[in-house]
Structure formats: structure tokens, C-alpha cells
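Before any questions on binding or motion, here is one chain by itself as C-alpha cells, the form predicted alone.
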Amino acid sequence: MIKSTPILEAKNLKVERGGTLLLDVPSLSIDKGEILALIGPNGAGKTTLLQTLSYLSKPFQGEIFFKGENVNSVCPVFEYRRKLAMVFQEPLLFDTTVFNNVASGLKIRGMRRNEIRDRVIEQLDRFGISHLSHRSAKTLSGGEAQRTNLARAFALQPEILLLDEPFASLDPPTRESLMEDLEHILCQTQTTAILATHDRMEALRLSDRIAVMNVGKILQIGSPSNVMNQPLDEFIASFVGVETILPGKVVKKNGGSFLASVSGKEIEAVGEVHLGETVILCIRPENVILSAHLSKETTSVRNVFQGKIERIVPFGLYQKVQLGCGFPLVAYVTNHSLEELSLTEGKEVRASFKATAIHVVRKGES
């Protein structure tokens, strides 16, 4: 099977300012219709990468290819940028009506009045802001302004949409509503998109692939499931929601499983390791099960530990329970389970997790 040419490809991208290397991406490719999420902390290089890919950040080293053609060599930068649309965290709107803001990019491109009108009406309706058509942009709420901003971008019918933290400044209900609409519209239009965010839940919900960035580099890229469940190192694990990260030493092997000593406790995990090797055990909180019964129960789960609840923190739809089991352990429970198990700080409970639920990062022999 012949692999299709990526719609966007970058090679050896580097951005340096004042002697500091802000971006270092040896290779990156995005397929047509794909949604790629860039996640990472503030200063990770997400915005710099977006601006470089859109030729807003210059100068830079490296090459960018659009549909296989070298931008600025075969494909002129002006023509390339007409294929893109970028949406920033803060909507940059003109002091005019919502209709005129959505139409602004089309007017700059010299489109006919009737076509402009049809496209604007389509996008106003798509983003649920038709009733705001004649409203001044100065009077809009944050959510309405971002809907206008997105409508303006989609009116251009871009082949690639670049989104830089588009939900970051919105309140939770507004963010949820707009994210739901954008998810539907991206699917409906099959628009290729690159989304920069520090929110892993946004990335999980919207993307086909996730790239974890830090200090200007892409540390790991893959499917959401791959990145979330098989992080390559401790930094990635902590950023993608692995609440329990335990260093240990392999003390026993048995076929495809092994025992690791962690703070004097032995935890069973699965993987190919060597005796004496240092490993990092990554346990997601949703894979930890709590029981109020301290007596031994018949179970196939090999990792069962008694621990004391040190803290309970509300965490959206869940409660985050922090335990001391001789080592720190975090579990998520529903509000219903919290009440049913009568979980309170200071209470002794039993915590269990499967050996197969542990992701193992190998650190080498010591």
C-alpha cells in the first residue's frame, strides 16, 4: 500500500533567539484530515512551533513542505499562508459587527459580495451566533468572541487550522459547549488541525495523535492511548496524568513478570527486565481499586496493600484519594463510591491494582 503524501511536513526545524534554542524538531508530519494536539507546560515551545509552521516566526532553520512541495522554494510563502488559518487564545476582533469580523478575511481576498455573504451566514449558523450578526464585537462575551473568531477562520475554508490554546481563557461551561461544537465541526469538515494546549483532556477529546513537548522538543508522539498509557519517561508520565510514579529495583523475575522493591514493599509488574535493574513504575489513578474491608479477600490481583487515606481532593466528577501504603499511591473514586465506602481522611483501606496495569519505564542496571 502506497502511503499518501502528508499535507504538512517539517524537517530540522530550529528557532534560536538571543542564544537560546526555543525549538528543535528534527521531523514532524501531519496527514490530511488529521488532528494533532501539542501538549506541554508553559514555555514548552507549542506556540513557537505553530508560529514557525505558519511562517509567523522568522527567521528559522529547516524546511516546511505543503503537500510535498517545499514552502519558499517551490510553493511561495504567500500562497501557502492562504491555505492556513490561525486562532489564538485571545480573539483579535475588529471594532465592527460580528458579520463584518467573520467576513474580514474574505474581503481581504477580494471575494465577490454574494459569496462572502453566503459563507458568513453559513459559519454564523454553524457556530450558533447568527443572532449576533449585527452586534458590535466590543459587546461580546469571551465565548461569543471566540465563536466569532473560529467562524472567521472557518469562513476561509482553510486546508490547515492552527489553534493556540483556544479554550484557555473561557469558563468551564462555555469551554465545554464550544469544545463540543468544534469537535463536531472538525469532524464534519474533515479539516486538518494542529491544536496547542496544556490541558490533556482537551487533547484526548479532540485529537487523533498527541505530541508531548518540553523545552522546544517533541518528547513523544503517538495515539492518545499510546501516549497516555505508555509514556516514555517520568516527565511525560507526570504530565499526562500518571499520578503514581514509583522508582524501584528488580529483585525477582518469573517468566514475563517481576517483583520490584519500592520503599521496602514488593510490587509485581509485567515486562522484560534484568535482575538489579532500576525501573520506574507508572500507575494511573483510575486503575487503583479501594476497599473498606481490611481482611484478606480472594482476588486475582497480585498487588494488594493496606494504606491510610492522607488526603481527599475534589477532582471534577471524581474524588482524588491520596494514600500512604509505605509508598505514595493515588486513586480516583466517584462521589457515590466515596459515600458508599465511607472514605475519610485518616481511614485505613485496602488498595489494589493489577500487575498488567503498571507501565514500566526501564532506567538501566545499577
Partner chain sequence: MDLILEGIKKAFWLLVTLDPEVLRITFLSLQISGTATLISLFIGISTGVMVALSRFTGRRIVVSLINTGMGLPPVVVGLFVTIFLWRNGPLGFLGILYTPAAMIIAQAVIATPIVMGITLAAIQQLPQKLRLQILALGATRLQMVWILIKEAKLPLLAAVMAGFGGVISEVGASIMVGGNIKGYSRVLTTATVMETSRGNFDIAIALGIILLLLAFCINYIITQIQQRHRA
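Numbering follows the first chain given and starts at 1. Everything numeric in this text was worked out from a predicted model, so none of it was measured.
Keep in mind that the form predicted in complex with the partner chain is missing from the display, and what follows is about it.
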Under a 4.5 Å heavy atom criterion, is residue 156 part of the interface with the partner chain in the predicted bound form? yes
(message) How about residue 148 - does it come within 4.5 Å of the partner chain in the predicted bound form, if we only consider non-hydrogen atoms?
(response) no
Residue 82: touches the partner chain in the predicted bound form, heavy atom cutoff 4.5 angstroms: yes
Can you tell me if residue 192 lies within 4.5 angstroms of the partner chain in the predicted bound form, counting non-hydrogen atoms only? no
Exactly one listed stretch (255-263, 276-284, 108-116, 234-242) reaches within 4.5 angstroms of the partner chain in the predicted bound form by non-hydrogen atoms, and it is 108-116
Checked 301, 312, 56, 341 for heavy atoms within 4.5 Å of the partner chain in the predicted bound form; positive is 56
Answer key, the partner chain contact in the predicted bound form at 4.5 Å (heavy atoms) among 246, 250, 290, 86: the residue is 86
Within 87-114, the residues having any heavy atom within 4.5 Å of the partner chain in the predicted bound form are 88, 90, 91, 92, 93, 94, 95, 104, 105, 108, 109
